[in-house]
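Here's a solo chain for you in structure tokens, the form predicted on its own.
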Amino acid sequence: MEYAARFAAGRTTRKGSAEETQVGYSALVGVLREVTGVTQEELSKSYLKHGDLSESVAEFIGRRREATLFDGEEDPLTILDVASTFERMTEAQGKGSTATKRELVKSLLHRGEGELEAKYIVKILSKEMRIGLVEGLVEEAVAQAFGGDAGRETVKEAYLMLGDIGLLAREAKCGRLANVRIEPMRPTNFMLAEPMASAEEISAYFEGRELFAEYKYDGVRAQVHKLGGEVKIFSRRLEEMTRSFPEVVDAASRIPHDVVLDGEIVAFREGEGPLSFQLIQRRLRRADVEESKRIAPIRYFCFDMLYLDGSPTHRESFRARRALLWGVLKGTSLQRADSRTVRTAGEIDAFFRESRSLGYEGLVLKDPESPYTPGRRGRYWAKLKEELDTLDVVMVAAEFGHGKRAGKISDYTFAVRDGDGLKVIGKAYSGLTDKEIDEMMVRIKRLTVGEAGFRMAVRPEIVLEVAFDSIQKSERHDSGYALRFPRIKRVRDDKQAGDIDTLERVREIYEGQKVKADAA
């Protein structure tokens, strides 16, 4: 039951596991071609049609018996067989691991019965099960199958605390939902803040009540779990990232309590303040501890505590949790989150401007009497941030999307002017409605001047206004820069390519940032 629910939600391993199968698209494509004999041209056409590799697998897997001597004498695949094979993929590390994983995928495709099994094996491995929607459906199925008298809300709350759909199914089947609670070494979902547009909106929403206002840090949200002498760190996706931040592990190990902390890991240097978020990303990509520490100094800013010495604390007020947390952090190098109390829109706005001047993203404002509600947005926490700027850019290339945008041209690469030429500055795939995407497809097809696989070169005529959070140096684009979190604000049909912003303007915005961002 645990494995079935997890696979149905598109996961190969339990959330919180340090390792995953990590089988990439290229490996899956290579195995499919080897098993079926399909050509690259056939596969490209199929992928453009479906926008989903698993659908292409289903289309071609029937050739398997023609292309191999596999005779089906082995027993049919079971869920436990698949789970065991996924576990072997996860354990394959280091030299030769890629070849091992390919052979294990091949064995699953050979043993699977028909196109449906092959399709869903690849869907799970390629993370194409549409996790957000599917997990909700599996959660609903668990509630209907095993919820009993517990009720839908009990199932939902248990899932938000457990964080893993497989564990939810197991606990529900065993009738233990009412006993589920936050525990160290098992990550729980993070409480989220509701975005609001202005200090006035926030003040009105909370009716002028006292709020705790904290800097909105531009780092990696992290739960730190300590149980006895062991410390683990989990990301917002509930994935373990302990090895990337040994300084946090060392500092947390000095806490004389069992705890679950919530906070943000920020690249930070004394005397300078916050550094580029990209430095944190680089650390996450490094396995070597000493190399990771050399990349950038960090600081863990703690702002909440969910568990203390055998008892969950998330249902206590934020005011009470903070008081406990400040006591726990004494004598350690873990940092208390910077905060102050505010009430009026003027106080909120002044603190927001101070936050931005120091290089932070904005503010998070919290109701002092609020409980910690894992995985939920809403009435207790609000966040206030602003776009750094916007740029007028021109589209130079486009690609087909996947999933619900399969068959639609929905990913747009754009550029700015550099003298008489154009230099790519980024790619965006959000901001347009479905109707606008359909309209854009018609225009792109008319302007396409060349194709390479799933990508089309586009005559530079479509001008877009693009918003972003920051600019970073990057070797990915010929401009030498990339926009962070770009999104399309609107299509500027009132402008021509000659009216777009310049690379010099990009440099000016970059130099004007409080925190300079350099990508790997």
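Note that this is a predicted model, so its numbers are computed, not measured. All residue numbers refer to positions in the sequence shown, first residue = 1.
Heads up, the form predicted together with a small molecule isn't pictured, but that's what we're talking about next.
- Residues with any non-hydrogen atom within 4.5 angstroms of the small molecule in the model of the complex fall in just one of 174-182, 110-118, 323-331, 209-217: 209-217.
- Looking at residue 495, you'd find a heavy atom of it within 4.5 angstroms of the small molecule in the model of the complex.
- Within 4.5 Å of some heavy atom of the small molecule in the model of the complex lies at least one heavy atom of residue 364.
- Although the partner is absent from this view, residue 383 contacts the small molecule in the model of the complex, with a non-hydrogen atom inside 4.5 angstroms.
- Interface residue remark: residue 343 is not counted as part of the site for the small molecule in the model of the complex, having no heavy atom within 4.5 Å.
- Comment: the small molecule is not present in this chain, but in the model of the complex one of 268, 86, 303, 352 has a heavy atom within 4.5 Å of it, namely 303.
- Contact with the small molecule in the model of the complex, defined as a heavy atom within 4.5 Å, holds for exactly one of 236, 243, 376, 106, namely 236.
- In comparison with the shown form, the Cα-Cα distance of residue 194 and residue 465 decreases by at least 3 angstroms in the model of the complex.
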